[in-house]
Structure formats: structure tokens, C-alpha cells
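Presented as C-alpha cells, the chain that follows is alone, the form predicted alone.
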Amino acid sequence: MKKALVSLAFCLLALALAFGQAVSTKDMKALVAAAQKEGELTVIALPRDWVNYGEMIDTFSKKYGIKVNELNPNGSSAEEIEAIKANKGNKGPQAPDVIDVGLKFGPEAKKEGLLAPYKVQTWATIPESAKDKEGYWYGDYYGHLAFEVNKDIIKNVPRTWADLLKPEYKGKFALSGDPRISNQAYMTVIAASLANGSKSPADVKAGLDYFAKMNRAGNLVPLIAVTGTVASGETPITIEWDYNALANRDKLAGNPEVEVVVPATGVVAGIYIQAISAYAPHPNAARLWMEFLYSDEGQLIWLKGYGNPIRYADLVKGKKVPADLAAKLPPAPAKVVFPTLDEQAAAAKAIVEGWDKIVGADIQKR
């Protein structure tokens, strides 16, 4: 009987491999075999310097011998979702297997039937508040919004949101994305709202008014800021997640000198989430990718990139965090706001509806 069951299991695995179906098992050997049979994984919107994704991708690829296709590295969360929709019938490398998006996009994508559920082996150590109970999406890491400033050009570094409106910063500031489609950018509007009197992350009128004032003053450059534009001085001041700003500082290595400032007020933290496309051409490689991300090894790779991995408390409890990595994390701000899903959804809707009318700045990619 035991031999018969083993034979049946291998037959089912063979059928799954033959038809490109996901292996439903907690047997890592079977999952690795199925993923390696597929041979590829397609990720999207993962800049290699974003929370150390370059090392994450390379380590995964080398460890399992799986080619990783990297689509649209600088894409937004909304563009990731659109890529799934546009490639439902595409089994080639242009169809994303997995996504890494802002928190609010998870429930929306689940509702639209765009995601496939999967619970990693470390599922129990992911906080309940940061995951879908059915496994359709799950938090991966978080950071705080911070100013990134090119000190070679900006001698008087801004410390507060109010500072950014000063005449000396005319033509010097740019957002790190389009608030109408970018999680990082619309969270910036939420932060500006809180710094300018809003009592709730859902109420972004104060933030829209703030950026309208900045735009009228000529301080807002209508470009998406990236490391190159900060370094060149085209957009010497921007706001992004602290892990990105700190990684850029390290990457530039003093040429130019970059300072990262978490403002005194309006401090917002944001969780990103992982999910597998319901139309993934490589469903087993997608599951193996998730297992790797949520393993101790994967979580520590994010930590090396200044991100706060979602399983950090569990890693600390198990004494698995090297002292040098723990020391790299910047001190946590005294007062931080984590906008809820409902607050983010309300804020995003108001920003999409009000940005053009109130702010009037069409943010463009370079």
C-alpha cells in the first residue's frame, strides 16, 4: 500500500509538470523539482537596488538554477496589476508570475480574480494583520517615508514638510512616482496631509492642497525622481521609502553626498505585499520564489537592503539576526502612522479624482 501511494504521488507530480499546473504539496523537494522543470520565473517592477532585490534575484536564480525574467523594473503597483490583466493568455516571459505591490492593491486584485492563493511554510510567523487569511496576498517588508537630499547642491537640508515650500527649493523637488498609480507616491500625499493638519490618513485634502501650493511656487518638478536625477541635480530632493533612500546613499558613495532625513511630523510607514498571479505561466517557480522570500535567508537579504522584513520579530526571537544587520536599520521614528487598508483605499480614490483638478501637475517618467 505504501509503495502504491508513493507511485500515485509521483504520477500526480508528473501530470502537474506536464500540464504546467502548480504542485499542491508542502514537500519542498517536489516543489523544487517542479519549479526547475518550468525553468523560469518572471518578476515585475523590482528595481535591483530596491530593498536589495538584486541580491535576492541573483541568489534565488543561482540556488535553484532558474532563469529570472525581470520586467519593467521601474513600474508602479498599478502597472503590475495591469500586466497581469493584459497577459492572461500569454504563457511567455511577458506575463508576470508574481507581483510586489502596495498593500491596498492586494484585496483589489483578489476581488478581480487575478491572484492565486498560496501559504508558505513560514506562514504562521507572518503577523495576522499583514496577510490575507486565505493566502491570496501577504506582507513582505515595510519602511518609512524619508527625504533624500543631494547635499552637493542643497546646502541647507530640509527637515520638515514646511521647509520644502521655501523659495530656495524652487525647481529642486520631485516625487518618486505618479501619485495616481504609484503606491510610494500616493503614500507621500498621505504623509503630507498628516503633516498639514489632517486627522486621518483617509483625508488627503490637506496633502493635495500642499502639493498644489508647491506646484504654484515652482518647487515641484513634474518628473519621477530616480537615483540618476537626484545625483545629477535635476531633482536633488525627493521623498521615498527610507530603505530606497539609504540604498541610494550607499550606491552613490559620496559622489554626490546624500543625506536621508525622516521628517519630524507626517511620518508614514507602508507595507508592501507579495502575491502570485492566477495566470502565472510558471506557477511552481512562483511558489518556490515565495518560499525563498519568506525563508530566513530571504528575509535577511531584505534586511541587508534596509527593509524591515515582515518576519523580523520571529527572526529576532530565534536569534537569527546578525548584529551587524540589526545595527544597519535606522532608529524607528517616535510617532509613525501605518494607514489601514480602508484608509489607503479612500485616500487613493481621492488622489486619483483630485490630483489633476487640485494640483495640476502631470508627473512624467524621464
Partner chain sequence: MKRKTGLSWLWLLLGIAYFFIPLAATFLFSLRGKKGVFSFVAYANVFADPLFLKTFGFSLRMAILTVAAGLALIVPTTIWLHLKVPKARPVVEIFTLLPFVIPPIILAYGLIRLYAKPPIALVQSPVLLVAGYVIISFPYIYRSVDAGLRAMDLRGLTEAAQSLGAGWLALMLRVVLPNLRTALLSATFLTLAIVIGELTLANLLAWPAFGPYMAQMGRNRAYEPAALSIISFGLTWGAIGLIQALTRSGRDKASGIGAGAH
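Note that the coordinates shown come from a computational prediction; the quantities given were computed from them, not determined experimentally. Residue numbers count along the first chain shown, from 1.
Separately, the form predicted in complex with its partner chain exists; it is not shown, and the next lines address it.
Annotated contact segment (heavy atom within 4.5 Å of its partner chain in the predicted bound form): 47-55, selected among 307-315, 321-329, 47-55, 60-68. With a 4.5 Å cutoff on heavy atoms, Gly254 counts as touching its partner chain in the predicted bound form. Among residues of the shown chain, Pro93 is one whose heavy atoms approach its partner chain to within 4.5 Å in the predicted bound form. Contact check for Asn72: a heavy atom falls within 4.5 Å of its partner chain in the predicted bound form. Looking at Thr227, you'd find a heavy atom of it within 4.5 angstroms of its partner chain in the predicted bound form. Comment: its partner chain is not present in this chain, but in the predicted bound form one of Glu291, Glu79, Asp203, Asp132 has a heavy atom within 4.5 Å of it, namely Glu79. Interface residue among Asp209, Asp163, Asp152, Glu259 relative to its partner chain in the predicted bound form, by the heavy atom within 4.5 Å criterion: Asp152.
Contacts to its partner chain in the predicted bound form (heavy atom within 4.5 Å) from stretch 222-247: Thr227, Gly228, Ala231, Ser232, Asn244, Ala247.
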